[in-house]
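So this first bit is one chain, no partners, the form predicted on its own, shown in structure tokens.
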């Protein structure tokens, strides 16, 4: 079966997977999302998991991206070094079944003391460029468990840096002394604004985190504002780290809207021009262009 006749695309992460049926015209005609990330599937369970995908979306060629290609996934797809564009990814697809099942490689940045890796975000970034959602030269903030700041030059990923902002917030919410204060979702409000400004101006993050609880205990802050303030504090610290080496101009925030809106608000507080791009639309653009390069 030719890829141009349609295929299944899967964004397969650590805890979730999203599957899409892409028809011959390049449009998504069906989709689903579930909690069967690579950790719940485990080694030896991927054959059945792929069978489930085809039962739901059709007996079509399969293109997968994300942690499914990691050393903890189905089959490891080695990283493509920066600079990396769509042609480089297509040339290094990891084929599991010839011409029928492939995993998109991740991208690695290795320069001097810098070392960083990504899996999944590269499809969104390069798909957004291929679809004209972003220019050939751009600075992209990609929020998530591991927030990434990505430099695109001439349509290729040339460098990036990962900041563990999302994971740190989750750890604080689930396993720290602040857990009982971080039950509610973060909101973009005065507390968030104050947290962002504190993170942008102060380098004592670990001390500031403890003060979240102390401020509530001493009546200096409301308990219901703790989650928003803490989210803003972490995002402000993230922005301060990333913006040290960022030139002026627009910053694109790409990903899930519930995450991009927080970082977009933080960037606005920092005085930067910002635009949001939906990560799902960018991913669909990326897999479409990769499938075209397979032909």
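Residue numbers count along the first chain shown, from 1. As the structure is a computational prediction, the values presented were derived from the model and not from experiment.
This protein has a second form, the form predicted together with another copy of the chain, left out of what is shown; the following refers to that one.
Site annotation in the predicted bound form: the residue of 117, 188, 101, 75 reaching within 4.5 Å of another copy of the chain with a heavy atom is 117. This chain is displayed alone, yet in the predicted bound form one of 137, 224, 167, 131 has a heavy atom within 4.5 Å of another copy of the chain; that residue is 167. This chain is displayed without another copy of the chain, yet in the predicted bound form the stretch 196-204 from 150-158, 87-95, 123-131, 196-204 comes within 4.5 Å of it by heavy atoms. Proximity of residue 177 to another copy of the chain in the predicted bound form falls within the 4.5 Å heavy atom cutoff. Heavy atoms of residue 172 reach within 4.5 Å of another copy of the chain in the predicted bound form, making it an interface residue. Taking non-hydrogen atoms only, residue 40 never approaches another copy of the chain to within 4.5 angstroms in the predicted bound form. Although the partner is absent here, residue 268 lies well away from another copy of the chain in the predicted bound form, with no heavy atom inside 4.5 Å.
Shown here without another copy of the chain, the chain has 198, 202, 203, 204, 205, 206, 207, 208, 209, 210, 211, 213, 214, 215, 217, 218, 220 in 191-220 lying with a heavy atom within 4.5 Å of that partner in the predicted bound form.
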